[in-house]
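So this first bit is one chain, no partners, the form predicted on its own, shown in structure tokens.
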């Protein structure tokens, strides 16, 4: 990995050599195929790897795109469906290589799911599964309770959350939930997978979720509440996980963490019930104890880092949507009308019934309710459907307005903007499920943006495409000494409000939002990864590959 970022040498930063932007993974033969060109042209050629023109498409002038600052032209080559490897060429410029073939996104789905295996904590990564990215076991020692150092707890396991080695209940619960909902809605996309992880008698996506869920259950306190996080006092330097040997701590409980724990364990119990009954029973017991604690403690108990700790806070303003999700998931798992009544009583205070987490999780509650096999309140179910229909219509308008097909408001180009792109894809998919609206073209457009149809022509998934990001703010990716990053990591992406010194140095004021990005390890506000940025991408890819 690049080591020059420590002295702020930016000479390694590069711009795309390609002037035409396509999905660098490729296109299904029968799918919509479009290339974007930020320059005037009349037509574009589809060329094979030997440079022969195999198809010519007329260009259309989309117009000025404010989010990119580009005057955009597009070409549609949907009518060309011959399997092969191609480039688009026009005006002396070319695109990156891409494929046209059936199952063209299967590998991207496999990579983005296996990324969670590379982030496993509390174990070593075996060379049989991790290849060059194998490493020794990490973070195996007991953790001390921050507020009472005489208490020692076993909280081994789970996934490293992001570029750091912390583990956080709210973030982990939401990431696992994205994967579990994806499996519930599109099981056929995942049942075919073999991503080469330690085998269990279940689909790989469920084996990977199980690893996280076992850790989440360890984070439940004796009274049923959930500890908020397990981290060291300070972020580790850029070392391998096995070299991070500082004392681990468990931090006090919060009502958000408790509600999210109840929700994800109840959700998971419905998924594993016919696969591993004993595990499903353990999940349900954890969920019931957490829900019981919520009922006995109706007040908001937030979280702020105590003095002496600088790891992630994951604080929230309230726990309204968290409790809403908990009760919706509990009702879906049990059919208990008491949970239904609690869910309905809290629903009017939920600010967004379509939000997909991690901070606002109203949309996750809505999914639990609409996927629920039990009797529903007709009026409330219609309220949910209407909320998704309205949001999806807004996203379709944004996508059509964008020269790059991305359904984004300017304000969404923030820390983790690619999460917003993928969450918007999730909302469109949920609307399709609930209301029957065909959103497939718009969902595919969000994936195309992530994989190269954007103003920088970069694939924001490591290892996918001829011009993909490669230097994430991710400790093992830097410390392993391997130039090529492990594949499947979804990068945070453009951020018009950069928050770290490196980003503030390299992003000039007035840069259009879609271009506020640099592929460098130093920048956590542009180039970090997290589990809950990967998880909505897995969901969208599950929809695409179903």
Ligand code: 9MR
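Residue numbers count along the first chain shown, from 1. Predicted model, so just to flag it, every value in this text is computed and none were measured.
Below, we refer to the form predicted in complex with the ligand, which is not included among the displayed structures.
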Problem set entry | in the predicted complex, residue 162 touching the ligand (heavy atom, 4.5 Å) | yes
Exercise. Hey, in the predicted complex, does residue 313 get a heavy atom within 4.5 angstroms of the ligand?
Worked result: yes
For this session: Please check if residue 533 has a heavy atom lying within 4.5 Å of any heavy atom of the ligand in the predicted complex.
Result: yes
Exercise. Would residue 449 sit within 4.5 Å of the ligand in the predicted complex, counting heavy atoms only?
Worked result: no
Problem set entry | Contact assignment for the ligand in the predicted complex, among 388, 168, 460, 331, heavy atom within 4.5 Å | 168
Exercise. So which of 116, 369, 324, 358 gets a non-hydrogen atom within 4.5 Å of the ligand in the predicted complex?
Worked result: 358
Problem set entry | Stretch in contact in the predicted complex with the ligand, which is absent here, among 117-125, 305-313, 337-345, 67-75 (heavy atoms within 4.5 Å) | 305-313
Exercise. What residues in 407-423 sit within 4.5 Å of the ligand in the predicted complex, counting heavy atoms only?
Worked result: 415
